[in-house]
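We've got the same protein chain twice here, in two forms, each standing alone as structure tokens: structure 1 and structure 2.
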Structure 1
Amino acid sequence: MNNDAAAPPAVPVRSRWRDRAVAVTVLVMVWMLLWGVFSWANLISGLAVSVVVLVVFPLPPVIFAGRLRLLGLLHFAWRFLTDLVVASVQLAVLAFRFGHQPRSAIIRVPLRVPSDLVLTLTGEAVSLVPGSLIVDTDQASTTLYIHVINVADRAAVEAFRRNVYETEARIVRAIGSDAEIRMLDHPVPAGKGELT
């Protein structure tokens, strides 16, 4: 359960096969949903298609050191849905506030857990909630650069930054390893997360 991302560890063969099995399962499920009915012919043709897809377009190795935690997943899903609704309504109201020029900011958020998977999922979650958009990422330092709309001042910027860290924490508590959860207690690297 060692996930030291400073030197990217070689992905063990066993977990590569596990990743491929997960990918095949997901692809077969998509195939079945597209057909809409379960039949053995669909299952077998789906398996054939997904194997061909994985051979022709191999996926990059994903390091997944943690495990799925049901409570963490539920907590994340609930907060994600409420955030989605609240932020959608806020942005809709903003769109109808004629004569109001919204100000925005581009902020740097170096994540505390150095994992590509956490970086991707946090980016997706932040990006799906209205009002924030990923402008750039830095994989080496697992940093997200986020464009936030409708921030009036520095205080609002800092509030949003805390928000992103909370999203990261919820994701790690849902899928991370014990070591990754402990990393959440680390302070944000000095001079990186603060305004200069």
Structure 2
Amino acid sequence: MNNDAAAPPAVPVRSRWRDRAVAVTVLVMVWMLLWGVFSWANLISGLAVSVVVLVVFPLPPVIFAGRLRLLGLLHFAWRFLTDLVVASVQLAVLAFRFGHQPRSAIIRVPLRVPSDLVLTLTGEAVSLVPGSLIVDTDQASTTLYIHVINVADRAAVEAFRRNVYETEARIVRAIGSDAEIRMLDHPVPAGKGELT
């Protein structure tokens, strides 16, 4: 009986180090965003926590098949900061609308790119913008389930879904492979939002 057929292909040492460096970078970025303040102490503690997480809790490797694209990263960062400011202002206005009962929705958004890294980064980017929160994910179908506040009708649900797809596209164009970027040309999957 030959067991070699079932063994996963060996990952070159250079690729393993690159994947670990990408994982540490992403974890440090999430750490800094969660603290909300850039400081050397947060950067160093983020590096330490990232290394501990990757050493003590080894997970299956998230293969980074893409490459970093500077213009894509700058475009993503600019739009992310813009979305943060706009959403914060909208929530502040909503908080002072006395007597108004905002409607919320759980929105299902199946992503176009079947990548754990894209799923994670898109979920983080959406959750960090005020007014939306990831309540569940389906890794097998790379689907996000997002709670969104102040969606008045189906048109608002679809507008939010389009916004999530635009975020996914910006992330893929910043760090994705050529094959993943081509997947963005696929039609947007149909989704369902439940108004509550």
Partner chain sequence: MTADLVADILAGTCLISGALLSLAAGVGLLRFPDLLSRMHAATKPQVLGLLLILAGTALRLQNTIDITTLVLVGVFQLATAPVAAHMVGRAVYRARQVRTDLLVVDELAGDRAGEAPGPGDRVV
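Each residue is numbered by where it sits in the sequence of structure 1, with counting from 1. Basically, rigid core = biggest C-alpha set you can superpose within 1.5 Å across the two forms. A quick note: this is a predicted structure, and the numbers were derived from the prediction, not measured.
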property	result
Which of the two shown is the form predicted together with its partner chain	1
C-alpha of residue 35 moved at least 2 Å between structures 1 and 2 on rigid core	yes
Per-residue C-alpha change between structures 1 and 2, residue 181, threshold 2 Å, rigid core fit	no
Residue 24 CA shift between structures 1 and 2 in angstrom, with the core used for superposition	7.0
